[in-house]
Ligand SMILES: NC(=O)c1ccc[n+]([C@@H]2O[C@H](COP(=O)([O-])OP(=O)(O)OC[C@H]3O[C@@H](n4cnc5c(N)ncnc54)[C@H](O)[C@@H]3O)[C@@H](O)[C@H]2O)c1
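The chain that follows stands alone, in the form predicted on its own, written as structure tokens.
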Amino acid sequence: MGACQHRDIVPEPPTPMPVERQAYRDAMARLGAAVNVVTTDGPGGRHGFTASAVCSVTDDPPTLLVCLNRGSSASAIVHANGVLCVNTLAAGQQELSDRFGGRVPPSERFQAGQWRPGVTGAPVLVGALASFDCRISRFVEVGTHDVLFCEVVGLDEAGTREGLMYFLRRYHALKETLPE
């Protein structure tokens, strides 16, 4: 007679319920983020938009990830230019965030702030906490957005050490505190 084989029966995990869009958005409001004005200029034209979905990917080569809504007025222009500058806003620059966030027509956004061309030609905000001038090396489509991988080819830093954060759907100044 053959040996009896014993197998444990492992129940299948329950099927997760889909996460509701508003619940996801409410949870993401609890994830504080730096406020950035992303700018571009080149054959496609000059444009800019406010973004908090920006983060470092690697320092070799220095690369940022920037999320861009494909339905936005900036999308085709950013892709046509292939370059962008991530201008991380300092405390006190909330008005620029609102301006580039869609409250002002694209043709009027650059009328506020002082701008100079970066290495790539993308507008660099004078007085930004930090500016990362980039060439887009690749992108991936995810849902409604393109995830842009941007190689940093130029850097600028302001003398300030106070950043602008967005948390719980409000702006907050983030100040460096020195140890006593």
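Remember, predicted model here, so these are calculated numbers, not experimental data. One-based numbering along the sequence shown.
We do not show the form predicted together with the ligand, though everything after this point is about it.
From the list 24-32, 150-158, 123-131, 56-64, the contact stretch for the ligand in the predicted bound form under a 4.5 Å heavy atom rule is 24-32. In the predicted bound form, the ligand stays beyond 4.5 Å of every heavy atom belonging to Arg46. In the predicted bound form, no heavy atom of Arg135 sits within 4.5 Å of the ligand.
By the 4.5 Å heavy atom rule, the three marked residues Asn69, Tyr166 and Arg169 all count as contacting the ligand in the predicted bound form. Contacts to the ligand in the predicted bound form (heavy atom within 4.5 Å) from stretch 85-106: none.
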